[in-house]
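One protein chain, two forms: both are listed below as structure tokens, the first as structure 1 and the second as structure 2.
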Structure 1
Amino acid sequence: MDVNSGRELTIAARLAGSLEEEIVAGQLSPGQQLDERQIAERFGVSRTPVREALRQLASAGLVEMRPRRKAVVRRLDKQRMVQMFEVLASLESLAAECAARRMSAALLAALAEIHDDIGRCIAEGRPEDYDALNYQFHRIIYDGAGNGYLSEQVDLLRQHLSPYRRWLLQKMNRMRQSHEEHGRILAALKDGDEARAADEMRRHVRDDDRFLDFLMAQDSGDG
């Protein structure tokens, strides 16, 4: 990969992040057309990274790419979203249960270290770093579960839901609460308590009241 290609991919990733935030927060409405030229002018970039950013958003399920027509913001199927969160909660719960039974001392130590890193991230007011650390925390638990197929499936579903999870965590000031929940999950894993680890993880992922708030915010954005 040459320097220019790498630079364009970096620009595309940043652009995708900005557009993702606007879509999830309702600033770009479902069904709204995304004009490549207008986006390029708005962000002061060429159309090449804009196309790549739109492809990334399409892969995440936020944008619909249409042949010979402008891309549009995908309409949110709220019922399907709730169903996806239910399945994710079950898969993550199973991963935590397996990890409580199989996780090595080395992975437990790595998990505790990431948990401490997240605490410092919150204390120092670095929300931009939280998402990567949060993913690492869950990723270590998937590894500790010792089930490659389970890890693949939960990773895939988590990828589709990641924009909405980021919105829940950052825009609703849920990072501190999430960190406390992580602490309870970590304690259950250290104790090797499979049932408690599974239960704590399920509650952590579901968080129904906050998700209901999210859906209501999307309704106001649609109007």
Structure 2
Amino acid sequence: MDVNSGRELTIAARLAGSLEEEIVAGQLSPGQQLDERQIAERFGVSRTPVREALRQLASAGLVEMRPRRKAVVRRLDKQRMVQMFEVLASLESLAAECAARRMSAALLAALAEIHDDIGRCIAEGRPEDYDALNYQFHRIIYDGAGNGYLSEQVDLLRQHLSPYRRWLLQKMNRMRQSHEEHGRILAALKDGDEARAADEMRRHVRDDDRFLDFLMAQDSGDG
């Protein structure tokens, strides 16, 4: 899940990760202008990887770049997060719908196995494994959807959301409920019921959405 875990090779990628963290953490406030030379100096590198990193962040939607203008940090308000979750829900729902139609028996079995693993993980109190398993569960559904493009996009979106998700899941330990929802999705997939699979998945992802709404109400006035 961690994009920049250890096996980093290029400075640009590492920079992108660092800057993303800073933006998400709010150390770089929205609207702030990012000077390439300044960043380069701060990290002790040249401007070249900084540019690549900024380009990457721009494609991730974290900064905005216009020709001949400084890159500016985008408004990372929680509303935008909710919007991203809304899109994620739609895409995951599509994946579930497609998977219900096209998923192979082997993949379905693998999915059931992951589902059981998650159950064990919860029962044995190993919440640190949850994230990875949860990702695998969804990942298998993307694969089963037989739509490579969708898989990529949803992967990308999840990647962009991952910092928030971790924060979110840490805060409200909803693993049990999530597991139940997984169970319902799995059942729908087994039945090959496209509509129900899509609906359950949408609901499942949107639950996180509702948490965000809750959090927004909690400490609003960020964005």
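Residue indices: 1-based, along structure 1. The term rigid core refers to the maximal set of C-alpha atoms that superpose within 1.5 Å between the two forms. Owing to the predicted nature of the structure, the values given are computational and were not obtained by experimental measurement.
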So which is it, 1 or 2, that shows the form predicted in complex with the DNA? 2
Yes/no, residue 70 Cα shift of 2 Å or more between structure 1 and structure 2 with rigid core fixed: yes
Answer yes if the Cα of residue 155 shifts by 2 angstroms or more between structure 1 and structure 2 on a rigid-core superposition, and no otherwise. no
Is_shifted residue 52 between structure 1 and structure 2 (CA, 2 Å cut-off, rigid core): yes
Cα of residue 40, core superposed, displaced between structure 1 and structure 2 by (Å) 19.7
